[in-house]
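Given next, in structure tokens, is a single chain: the form predicted alone.
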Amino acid sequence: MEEKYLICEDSLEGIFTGIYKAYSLKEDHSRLHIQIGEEENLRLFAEYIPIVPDAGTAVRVSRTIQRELGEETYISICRALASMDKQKGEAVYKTVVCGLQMQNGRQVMGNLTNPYVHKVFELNRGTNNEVLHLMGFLRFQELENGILFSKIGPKNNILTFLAPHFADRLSLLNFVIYDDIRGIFVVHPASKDWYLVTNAEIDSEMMENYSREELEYQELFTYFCHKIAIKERKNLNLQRSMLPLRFQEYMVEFRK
């Protein structure tokens, strides 16, 4: 019996729609697979089925996961799907199957002997670690129009996990966080809810038009960071292990 590969869009909506389609086929789950995007080398004796993302279907799947596997597992799955790993769709699909077959599906994330559950566990941890890093390493800069702007380059698609942290702490301020890798924004108007902007062009000139006070504080902050450094205790290897270069690229104190 040939295997079937469901070709899904790289999004939560796309993969959840793929999981719904897999169950609707009513076939052995071991012969069904979820794949992110199309691959160049097609397998022999395999059927490829393109999946069109559907918001309504994705909501039904998300409600089922929350009800049967619990809110904590649902958050872990969402973080795993924010990962850049191309195997995440298959791992999440088989984790959901595993959880729904267990007597108590809420304990599925403890079943780490299952390679798919273990994969979701690792992806969840990796995404969460990057969110925690950026909570400390993200730098806002004030533009001339008074908006706080930050540009980051995360490996994973984490803006939706990062935004609530800053929306809670800077609720009275206008700020924008720009994902330089994916070209998407989080926009937070003062005293209102934040929202995500995709497929929009960035005015790079405006985003580098800092206020006079911002430039003064950047100068002072950079001077402070260099001044407190003890030359004899400088250890760049340790610094890079605690603060990887990919974060330093977007931090004011490392640009000057």
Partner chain sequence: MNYKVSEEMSVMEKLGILTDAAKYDVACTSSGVDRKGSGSGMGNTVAGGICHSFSADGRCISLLKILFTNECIYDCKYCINRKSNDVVRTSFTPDEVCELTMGFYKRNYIEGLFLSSGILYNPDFTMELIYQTLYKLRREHRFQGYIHVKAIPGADPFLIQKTGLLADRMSVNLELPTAEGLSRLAPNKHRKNILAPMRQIQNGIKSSKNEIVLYKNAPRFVPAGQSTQLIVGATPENDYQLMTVAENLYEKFELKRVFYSAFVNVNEDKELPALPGGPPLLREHRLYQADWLLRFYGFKAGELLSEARPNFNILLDPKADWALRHLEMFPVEVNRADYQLLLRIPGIGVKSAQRIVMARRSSFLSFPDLKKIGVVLKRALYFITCNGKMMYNTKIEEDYITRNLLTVKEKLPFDKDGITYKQLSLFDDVGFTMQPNIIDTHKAVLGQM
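What you see is a predicted model; the values in this text were computed from it and never measured. Positions refer to the first chain, counted from 1.
This next part talks about the form predicted in complex with its partner chain, which is not shown.
Q: So, a 4.5 angstroms cut-off on heavy atom distances: do all three of 107, 113 and 121 pass it with respect to its partner chain in the model of the complex?
A: Yes, each of 107, 113 and 121 comes within 4.5 Å of its partner chain in the model of the complex.
Q: Which of these residues, 135, 75, 100, 84, gets a heavy atom within 4.5 Å of its partner chain in the model of the complex?
A: Contact check passes for 135.
Q: Could you confirm whether residue 161 comes within 4.5 Å of its partner chain in the model of the complex, counting heavy atoms only?
A: It does not: once its partner chain is placed as it appears in the model of the complex, residue 161 has no heavy atom within 4.5 Å of it.
Q: Within 4.5 Å, heavy atoms only: does residue 42 come near its partner chain in the model of the complex?
A: Flag for residue 42 set to no.
Q: Using a 4.5 angstroms cut-off on non-hydrogen atoms, would residue 3 count as touching its partner chain in the model of the complex?
A: Result no; residue 3 lies far from its partner chain in the model of the complex.
Q: Against its partner chain in the model of the complex, would residue 245 count as a contact residue? Criterion: heavy atoms within 4.5 Å.
A: Taking the distances in the model of the complex, the answer for residue 245 is no, it never comes within 4.5 Å of its partner chain.
Q: So which of 43-51, 199-207, 219-227, 63-71 is the stretch with heavy atoms within 4.5 Å of its partner chain in the model of the complex?
A: Looking at the partner contacts, the answer comes out as 219-227.
Q: Taking heavy atoms and a 4.5 Å limit, what residues of 227-247 are near its partner chain in the model of the complex?
A: The stretch 227-247, when checked against its partner chain in the model of the complex, contributes 227, 228, 229, 230, 232, 233, 234, 235, 236, 237, 238, 239, 242, 243 at the 4.5 Å heavy-atom cut-off.
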